[in-house]
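The data below hold one chain only, encoded as structure tokens and taken in the form predicted alone.
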Amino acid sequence: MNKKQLKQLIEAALFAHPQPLSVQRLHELFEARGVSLNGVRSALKSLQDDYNDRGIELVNVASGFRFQTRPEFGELLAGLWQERPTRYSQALLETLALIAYRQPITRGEIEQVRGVTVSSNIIKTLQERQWIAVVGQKEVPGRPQLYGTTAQFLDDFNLTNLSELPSIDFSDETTAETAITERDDLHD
């Protein structure tokens, strides 16, 4: 199989498959035809270059490669779908951020940082979206569940790994307790 055929075959596979495909999976699909792992990588790089100036792009996310529209066209294309995009509450987003940045983390630890109880619906929604999962249990009395993010979270947020999350300075951490103390000091 020549390079052009391999590139076309990989392009077709990525287009046809509903989920991202990893380099290893693509190699497994075409290995019987004499395709090497480096050949797959080279074809993917060439495809990425081919789509540099088009309305779609080939991106590498946590679970593999996929085609997607360029982010700058998102608003213009939103009218194609009748559904409104889901709006998430501030509480849900804060909970997701805490899990993403401090995983593994228990529900109690999330509540301690946020200063309010975490609704069961928030945890349920995050699990239904497959953005978080139970990754273990903390070795303390009561053995609370530990939550962490999933590969689906990385895929949906266009990340290959957690190190790509924007950095946040936790050195000046404000907890509910310190916020209340600061507020009381201002009113005195």
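On a predicted model such as this, the values are computed, not experimentally measured, just so you know. For every residue, the number given is its place in the sequence shown, counted from 1.
Beyond the structure shown, there is the form predicted together with a further copy of the same chain, which is absent from this document and is the topic of what follows.
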Give a yes or no for Val23: in the predicted bound form, does one of its heavy atoms lie within 4.5 Å of a heavy atom belonging to a further copy of the same chain?
-> no
(message) Please tell me whether any heavy atom belonging to Asp50 falls inside 4.5 Å of a heavy atom of a further copy of the same chain, as the geometry stands in the predicted bound form.
(response) yes
I'd like to know if Arg54 sits close to a further copy of the same chain in the predicted bound form, meaning any non-hydrogen atom pair within 4.5 angstroms.
yes
- Task: Answer for Arg33 alone: is it within 4.5 Å of a further copy of the same chain in the predicted bound form, judged on heavy atom distances?
- Result: yes
Checking Asn121, Asn60, Ser42, Thr69 against a further copy of the same chain in the predicted bound form, the residue with a non-hydrogen atom inside 4.5 angstroms turns out to be Thr69
Looking in the predicted bound form, the residues of 1-33 with a heavy atom no more than 4.5 Å from a further copy of the same chain, listed in order, are Lys4, Lys7, Gln8, Leu9, Glu11, Ala12, Ala13, Phe15, Ala16, His17, Leu21, Arg25, Leu29, Phe30, Arg33
